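Take a look at this single chain, the form predicted alone, given in structure tokens.
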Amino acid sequence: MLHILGAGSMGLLWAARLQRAGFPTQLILRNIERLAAWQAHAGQLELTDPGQHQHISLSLNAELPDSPEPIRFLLVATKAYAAEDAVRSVQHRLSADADVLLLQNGMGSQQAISRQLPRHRVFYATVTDGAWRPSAHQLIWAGHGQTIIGDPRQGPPPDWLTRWQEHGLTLEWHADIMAILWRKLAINCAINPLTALLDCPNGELLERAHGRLEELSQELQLLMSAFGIPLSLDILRTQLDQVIRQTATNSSSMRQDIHCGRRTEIDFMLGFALRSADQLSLAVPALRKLNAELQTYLATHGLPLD
């Protein structure tokens, strides 16, 4: 049994993908009200995949954090700011040999959970799929992305990864997942805040924010180099442009959060980048200006600033 903590867009997408591949899944919902609402619809999820012209109905089981069943594999799909508390709510259920896979955006929450679970193998992943929910029981798989998984301690790939790949899940293993996370962080720091401020889909950034993308890319490349991540400015700009084009019609997670009146993950994107720059006394004025603008924007919408 694979337990999935978090039933937002990404948690439901992974539950659906794993269950369709033949792996039993169990959602963990945070309170009795959410569980009752889920069960009132018999756990039904309507998954639409426009790219594959598919519409699939699935039934997904759910339980509460204090259910008695031991957890041998935990996939954490909560927002970054909720991840530590969510894991703590089920930590007592983890078997001694349990593996944990983290799907959080940005950086900071992953390291905190690794410290929280020193005796378990904790894997980090970067995910670029696009998914959104028109309602609690509907999910649109808006864009098929790339999933890269790795062990921050640089251990070998786990057995479950091979089984998932053999059952048709498109996943990659990378020996240096921290370098991959830094690259993803840089892309998130550029795309998410700008799409939130401009209130636009990703694809419009190339035309509406070209100059700012250049400035941000220069500072982010400098920051990564200072932390030992070898990536040229030309490659970073190429990768950033590719992501923007590949997800042109997507609405970034930060833009979606603001539209829904939810707390954003700014502290695990720009916040982490700025704290990292402060550690090395690096001047990053474009990142600071973007963070200040976004903080003001969030304040005007009555949303938390961290």
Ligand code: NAD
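Because the structure is a prediction, the values reported are computed rather than measured. The numbering used is simple: start at 1 and walk along the sequence shown.
The discussion below concerns the form predicted together with the named molecule, not included here.
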**Message:** So in the predicted complex, is the named molecule close enough to R133 to count as touching (4.5 Å, heavy atoms)?
**Reply:** yes
**Item:** 4.5 angstroms heavy atom contact with the named molecule in the predicted complex for R237
**Value:** no
**Asked** Closest heavy atom of L220 to the named molecule in the predicted complex, within 4.5 Å or not?
**Response** no
**Message:** Quick check on E265: any heavy atom within 4.5 Å of the named molecule in the predicted complex?
**Reply:** yes
**Message:** Check for me whether the named molecule, as it appears in the predicted complex, comes within 4.5 angstroms of all of R30, A82 and L103 - heavy atoms only.
**Reply:** yes
**Request:** Quick one: from D151, E214, D129, E204, grab the residue that has a heavy atom within 4.5 Å of the named molecule in the predicted complex.
**Result:** D129
**Asked** Taking the partner as it appears in the predicted complex, which of 164 to 172, 67 to 75, 121 to 129, 93 to 101 has residues with heavy atoms within 4.5 Å of the named molecule?
**Response** 121 to 129
